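Okay, here we've got a single chain as structure tokens, the form predicted on its own, with questions on binding and movement later.
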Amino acid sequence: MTAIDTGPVRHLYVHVPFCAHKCEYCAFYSEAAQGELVNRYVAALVRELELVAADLRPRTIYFGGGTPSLLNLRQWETILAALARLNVSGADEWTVECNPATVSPDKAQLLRAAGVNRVSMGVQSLDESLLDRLGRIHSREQVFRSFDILRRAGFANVNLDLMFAIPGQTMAVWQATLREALALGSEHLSSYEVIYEEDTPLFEQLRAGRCDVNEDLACAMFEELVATAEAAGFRQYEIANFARHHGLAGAEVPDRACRHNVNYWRGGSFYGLGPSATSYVRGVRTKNWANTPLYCEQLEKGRRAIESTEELPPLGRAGEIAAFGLRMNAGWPFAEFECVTGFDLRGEWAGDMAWLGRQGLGRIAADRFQLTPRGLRFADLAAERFLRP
């Protein structure tokens, strides 16, 4: 069995739970921003940082949400000062998610000066009617303006986040959005199919018959995404993620890939801070309370705001790592998987790999197992084969 890493944790996720408005499709934990609660959250987050800082030397930092860019300058200054004081800033890759409506020159310059070197901007669509349908607060013009602000602030690594199979979205509208988004010249593109998750307004619209799911159109849109992005110089390295590559030919992961997310897909350890955030450290998964006042209350008492703790048996964890890692185009090299988990894919999962091969969803090579392009489209089905109790 592979040894548990005893060194400091190299990856940090921070969840900022506040939004100006809850989007119609969103099932993540988030809530409308209220001034005093946001200040209380910032103080609690600093306390949580203090509790884990001794075990943290991050190579990647990722602020997600919610809408991290909703925090004002003073709140950001407080967080950035704490990261510097605790010696956990200066990561090789430091990402902050932004909404185009909440990007300002002052905020962009503050983040860049502090060491943030990557921004993920939630564009979702460049069609005004679809932005309205999704409940987004930004306009298409704000996307172009915010992208320009980020460039002028010195950000040379920007991701654009798009959605497809939105109710009312035609292929022509999707093609136009891809064309305009790619023309901006970002370094990274993420694109996700709309998912109708329970407890979201979009799910209620589906249940009420106000919209429907067209699986054939969704598949065609995904194929258009892959072809158009690759024609524009991007490399698909995970189902929904595309990055530019200027390094050595043959590299499994393009050099503009999101290293923070690659760590997730490869089963690495990480600390997750903030309400609802999950951590995975030395084989133990913990989850914070998905309740901002309760999160703050626990930290004000000097303790982590952990709701649950779980330690999967080795085989169960290995199956989970296999499932996540197969989302990547490179699949799982057998030697790397055994190094990470202590298990050989060709042993426990030989039958599952053979079944996926017969279905045209996977392929077994001498050194690895990976999903085919069709298998990537149906990766959730493939992943279920690898999970173990």
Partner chain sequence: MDTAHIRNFSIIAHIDHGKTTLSDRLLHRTGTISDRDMQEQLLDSMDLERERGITIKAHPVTMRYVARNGETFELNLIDTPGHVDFAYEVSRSLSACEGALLIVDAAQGVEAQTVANVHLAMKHDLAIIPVINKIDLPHANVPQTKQQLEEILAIPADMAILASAKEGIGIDEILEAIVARIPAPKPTGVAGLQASCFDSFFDTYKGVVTHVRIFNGELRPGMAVKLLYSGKSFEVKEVGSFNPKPYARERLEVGETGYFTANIKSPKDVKMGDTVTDNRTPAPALPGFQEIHPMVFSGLYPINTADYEHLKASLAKLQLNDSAFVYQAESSVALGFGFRCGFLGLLHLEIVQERLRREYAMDIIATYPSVVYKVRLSDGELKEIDNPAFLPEVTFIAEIHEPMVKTFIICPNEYIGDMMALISEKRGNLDHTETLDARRVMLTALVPLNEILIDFHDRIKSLTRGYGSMDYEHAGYRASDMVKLDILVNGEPVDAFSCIVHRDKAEGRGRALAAKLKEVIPRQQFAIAIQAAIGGKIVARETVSAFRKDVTAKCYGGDISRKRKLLEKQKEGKKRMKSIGAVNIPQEAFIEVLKA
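Positions refer to the first chain, counted from 1. Small disclaimer: the values here were computed from a predicted structure and weren't measured.
Below, we refer to the form predicted together with the partner chain, which is not included among the displayed structures.
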Task: Contact at Tyr192, Cys219 and Arg385 by the partner chain in the predicted complex, all three, heavy atom at most 4.5 Å - done: yes
TODO: Please pick, from Arg285, Arg85, Arg303, Arg145, the one residue with any non-hydrogen atom lying within 4.5 angstroms of the partner chain in the predicted complex.
DONE: Arg285
Open item on the list: Based on heavy atom distances of 4.5 Å or less, which listed stretch (51 to 59, 329 to 337, 37 to 45, 351 to 359) is in contact with the partner chain in the predicted complex?
Closed with: 351 to 359
Open item on the list: Against the partner chain in the predicted complex, would Ala229 count as a contact residue? Criterion: heavy atoms within 4.5 Å.
Closed with: no
Task: Contact test in the predicted complex: Phe343 vs the partner chain, heavy atoms, 4.5 Å - done: no
Task: the partner chain contact at Val14 in the predicted complex, heavy atom, 4.5 Å - done: no
Task: in the predicted complex, Ser104 touching the partner chain (heavy atom, 4.5 Å) - done: no
- [ ] Taking the partner chain as it sits in the predicted complex, which residues of 295 to 333 have a non-hydrogen atom within 4.5 Å of it? Please list them.
- [x] Glu310, Leu312, Glu320, Phe324, Arg327
